[in-house]
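Okay, so here's just one chain, in structure tokens, the form predicted alone.
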Amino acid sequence: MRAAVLRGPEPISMEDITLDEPRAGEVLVRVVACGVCHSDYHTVNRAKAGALPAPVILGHEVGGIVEAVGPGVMSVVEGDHVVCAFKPNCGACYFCVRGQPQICERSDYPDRLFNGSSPRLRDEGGNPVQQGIGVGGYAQYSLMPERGVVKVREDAPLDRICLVGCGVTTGVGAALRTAKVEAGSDVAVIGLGGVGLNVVQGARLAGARRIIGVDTVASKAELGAKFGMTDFVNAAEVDAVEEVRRLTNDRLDYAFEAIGLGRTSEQAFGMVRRGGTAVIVGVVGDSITIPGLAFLGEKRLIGSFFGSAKLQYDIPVYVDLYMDGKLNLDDLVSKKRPMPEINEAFADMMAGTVARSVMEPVG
């Protein structure tokens, strides 16, 4: 198959990759569309730092069609439409059985196949290739464990609902599942990229009264309004914390950080009222410093991973909400590109000129 392979700091290149047939408990998915998510850029940064252990195929927001299944697979059959879940769960560990499958202790990034097999992809020289973030969606096919694919309705467009595989579930779920935003609440969202826009519409679905978007790109004001944002704060022009507190009369109930920076995480905590909740949704790689006395006012700082999702239930529900016109996925897709243009898609993402790009395999 053809795939976009990252080998180091140099640009991603198209290569021929050999992929094994599915074994017991595995599903081979033909990729129809794959979103471009900022999480993949963390792997690019590791490559730039010389910390990439093996070549890797990035991409984890996959919508596709089941090509083949291995022995014992019962939840899907050949021809089913599916969304791939980059964080499959085992269903049997301590966290899964207590209702927290999003933090399953048996899922690990290098190899999501729970049968203990070695890497199943090889380049033309026979060397192993990784499936980035457990999916490897910038390719014609992806080999997944059964619990890493979720069957969805066939009338839903895969070039839209592929985004439910990460950004939509992460953002909407952060508001609905993790924070459990209450109707009538005031909410702020820092960072109006793909995840942040989905936090916005998650808050809208929850019945939030006021939803304030915070970003440094002025054009996000118009874009955010399409997802339910009521107010916009340009953090390049004003102190975001002070402006949000002014707009809400210092009564902000929830603040969501959707960028992944220590500084903006501190801002989220600083915005919320006493008794309010700051939710860290972005992947924060640096330290966070907050005033300890704030906890005497019962302010809360919590994390959210993958929207606290129960995948087999939540993903079909989010697809249904889109098909019912209650979730906006159409305006999330800023561009569609053929897979060889993956480097250009990454450049668009880093420039902040797109909400999401969607890649489509060729050849």
Ligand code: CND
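Numbers for residues come from their place in the sequence shown, where the first is 1. All values derive from a computational prediction rather than experimental measurement.
The same protein has a further form, the form predicted together with this ligand, not shown here; the description that follows concerns it.
Colleague: Have a look at C96, L261, I290, A156 for me and say which one sits with a heavy atom within 4.5 Å of this ligand in the model of the complex.
Modeller: Only one listed residue qualifies here, and that residue is L261.
Colleague: Name the residue from K336, K326, H42, K48 that puts a heavy atom within 4.5 Å of this ligand in the model of the complex.
Modeller: Only one listed residue qualifies here, and that residue is H42.
Colleague: Do Y138 and this ligand share at least one heavy atom pair within 4.5 Å in the model of the complex?
Modeller: So Y138 does not count as contacting this ligand.
Colleague: Although this ligand is absent from this view, report whether Q100 comes within 4.5 Å of it in the model of the complex, heavy atoms only.
Modeller: Because no heavy atom of Q100 falls inside 4.5 Å of this ligand in the model of the complex, the answer is no.
Colleague: Given that the partner is absent here, does V283 sit within 4.5 Å of this ligand in the model of the complex, heavy atoms only?
Modeller: Yes, V283 lies within 4.5 Å of this ligand in the model of the complex.
Colleague: Does G224 reach this ligand in the model of the complex if we count a contact as any heavy atom within 4.5 Å?
Modeller: No.
Colleague: Thinking of R177, V279 and Y313 as the candidate spot, does this ligand come within 4.5 Å of a heavy atom on all of them in the model of the complex?
Modeller: The answer is no; none of R177, V279 and Y313 reaches this ligand.
Colleague: Looking at heavy atoms inside 4.5 Å, which stretch does this ligand contact in the model of the complex, given the options 304-312, 317-325, 23-31, 63-71?
Modeller: Result of the contact check: 304-312.
Colleague: Even though the chain is shown alone, can you say which residues of 147-170 have a heavy atom within 4.5 Å of this ligand in the model of the complex?
Modeller: Heavy-atom contacts within 4.5 Å come from C166, T170.
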